[in-house]
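Subsequent text provides structure tokens for two forms of one protein chain, presented individually as structure 1 and structure 2.
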Structure 1
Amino acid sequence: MRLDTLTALNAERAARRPALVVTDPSDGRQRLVRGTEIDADPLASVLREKLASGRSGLIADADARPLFVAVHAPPVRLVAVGAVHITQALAPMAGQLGLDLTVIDPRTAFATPERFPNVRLVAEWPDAALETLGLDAYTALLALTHDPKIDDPALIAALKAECAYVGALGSRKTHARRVERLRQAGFDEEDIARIHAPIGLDIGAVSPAEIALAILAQVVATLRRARIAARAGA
């Protein structure tokens, strides 16, 4: 690999932008294909499938020669809005699942390092915090405060950024009112249907830890199923 290719690849990865490296194993010839360059690539359709599946592997070029495609999709981030009890239970589980967690809550009494040891905490309003963080299609967002002033801006940002997963805590009644507010904010049914609410798989969860488990199970199922579907279509 040329050092300039490696440097450019690492820059894409650091910026959380997807990229692929196509290598001919017979002679080592190689090219970097950034996410934005896929459409213009001669192997566009197969590269799109590889990126969607998230799996590196061999493909065949037009002459049936094997090429290796290394897929560099950004690691999935988990953003929890609400430094609440459920989030405290969720933090260590997210770590074990390899999900990179950030917790946002403007209420400084909630967002304390004592309540969240070793967790990235942002004690700001979601509007400001998410702007800095930069939501993307490789982010899962959880709205957990029960407070529309805090949850709504986060959900709006997540829908606009086409986050991989969007979930919101609250009863069906709470959600119905939320849906009404989102409609007024200009979102259509298809957008709103992307919000998992009430959040989490229905496992009859009661305690904060059980609710955290139900939420993470739904996040994992959503991420994995999207990739399985992409692979099946490949």
Structure 2
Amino acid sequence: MRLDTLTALNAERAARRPALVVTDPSDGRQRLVRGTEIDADPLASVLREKLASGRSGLIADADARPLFVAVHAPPVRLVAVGAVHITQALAPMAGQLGLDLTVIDPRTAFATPERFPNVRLVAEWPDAALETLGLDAYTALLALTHDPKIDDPALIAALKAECAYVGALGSRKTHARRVERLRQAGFDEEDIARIHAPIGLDIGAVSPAEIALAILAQVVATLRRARIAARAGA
């Protein structure tokens, strides 16, 4: 790879922006396609498909020549707002799934290394914590405290950042009240509909571990929906 291409690719990766490297195997020529440039690319449709799948591989150009596309997408981050029992059960599962977990909770009695060994903890209010951490389209955010003072600012930040997944714990009645608050904050129905609430797949979960499993299953299903759709249409 040419130095200028590698430098540009590293800059995109450092900024957590997706990029693709298109290589012509016949002569080794390469070009970088940033995520923001895909729509203007002559291979736009197929590049979008490769990025959505997250899988590198061969494609064909308009002249049926083979090209290799290397997909460089940021690793998915999992941000759990609430150092609660569900989060404790979720932490080791997230690690096994390769999800980089951060737990945010201003309640220092809950956000402790003893309760969350080997987990990144941020004992701050979500407003401050998320501003520092940053959210993006490769982040899944879970609001798990049942406390609007903690959960609502996190949900607002996640919707504005267009996170890949946004979920909130609580009953339908709790969520109805949450919806009213979000409307008053300026969000429309389409925005609010992006929140998975009650959070998690409906598997009849009762215990913290079962709820954590249901949440992670829904996160994975949401992140993989492009592949699921592709299989369904095959």
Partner chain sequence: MLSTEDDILRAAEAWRREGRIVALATVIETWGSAPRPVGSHLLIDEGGRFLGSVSGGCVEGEVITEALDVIGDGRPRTLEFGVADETAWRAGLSCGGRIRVFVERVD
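Residue positions are counted from 1 along structure 1's sequence. Not measured: the values here are computed from a predicted model. Definition used throughout: the rigid core is the maximal C-alpha set that superposes within 1.5 Å between two forms.
Undergrad: Between the two chains shown, which is the form predicted on its own?
TA: Of the two, structure 2 is the form predicted on its own.
Undergrad: For A70, decide whether the Cα shift between the two structures is 2 Å or greater, given a superposition on the rigid core.
TA: Moves: no, less than 2 Å.
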